[in-house]
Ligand code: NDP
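Shown next as structure tokens: one chain only, the form predicted alone.
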């Protein structure tokens, strides 16, 4: 039996790419969406439609989903993963970095949800996995706008979960701590960057994105009447 379609945003690196590999190994066709098309294509995954998509472009996401569903059937799982971490001293940080964080982490998440919600409701099945962060559960120095964006993901997920539960559609939140990804590439504040790196060294480094991918796949593979509402994962030595 052909397995259902899984759509992943932010699929060109890190947790998105690792999750693409995990679901592909489990036999799922994929819609991979990110700005770096070459990175997605380099994954070399079978039955994977790779689309150069910026999550701030609602129409581009909808178009990619329509094309993928024409090939593989309806999206059964959306991994709403695209995000950015523009960390910095809030008083010194450029408001343009606030805008970018809000546009990608908040508006981008909503843009990816929009094309799949009604279809899942009508089919009375589906799974939405929203990528948050441990910074969506507690605040950290120099994470002000980033924390706000991830608290938003938690709140929207909780509301959406209640809305979709009567239709047997699951909403899962993933809240990682320090993971070995390219997140530091987006930090422009040198003091914030140093503090982050120093803390990462102190706890013995981050954990592999593959572990998070395995968690996403595990939660998805539970029976449809079993919902793991949130999964929090950190390095063992990351005590906060």
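None of these values were measured; they are calculated from a predicted model. Positions refer to the first chain, counted from 1.
Below: the form predicted together with the named molecule, not depicted.
K.L.:
Could you tell me if residue 54 has a non-hydrogen atom within 4.5 Å of the named molecule in the predicted bound form?
P.N.:
Yes, residue 54 lies within 4.5 Å of the named molecule in the predicted bound form.
K.L.:
With the cut-off set at 4.5 Å between non-hydrogen atoms, does residue 224 touch the named molecule in the predicted bound form?
P.N.:
Answer no; every heavy atom of residue 224 is more than 4.5 Å from the named molecule in the predicted bound form.
K.L.:
Hey, in the predicted bound form, is residue 178 touching the named molecule, heavy atoms inside 4.5 Å?
P.N.:
Although the named molecule is absent here, residue 178 would touch it in the predicted bound form, with heavy atoms inside 4.5 Å.
K.L.:
Please run the contact check for residue 24 against the named molecule in the predicted bound form: heavy atoms, 4.5 angstroms, yes or no?
P.N.:
Contact check for residue 24: no, nothing within 4.5 Å of the named molecule in the predicted bound form.
K.L.:
198, 67, 182, 59: which sits within 4.5 Å of the named molecule in the predicted bound form by any heavy atom?
P.N.:
Checking each option against the named molecule in the predicted bound form, the one that comes within 4.5 Å is 182.
K.L.:
Of these, 106, 117, 160, 84, which has a heavy atom no more than 4.5 Å from the named molecule in the predicted bound form?
P.N.:
Among 106, 117, 160, 84, a heavy atom within 4.5 Å of the named molecule in the predicted bound form occurs only for 84.
K.L.:
With the partner left out here, if you bring back the named molecule in the predicted bound form, are 13, 131 and 146 all within 4.5 Å of it by some heavy atom?
P.N.:
Yes, the whole candidate spot contacts the named molecule.
K.L.:
Would you point out which of 87 to 95, 132 to 140, 162 to 170, 118 to 126 contains residues with a non-hydrogen atom within 4.5 Å of the named molecule in the predicted bound form?
P.N.:
That would be 132 to 140.
K.L.:
Given a 4.5 Å distance limit between heavy atoms, list every residue of 147 to 166 close to the named molecule in the predicted bound form, or none if there are none.
P.N.:
Stretch hits: a single one, 150.
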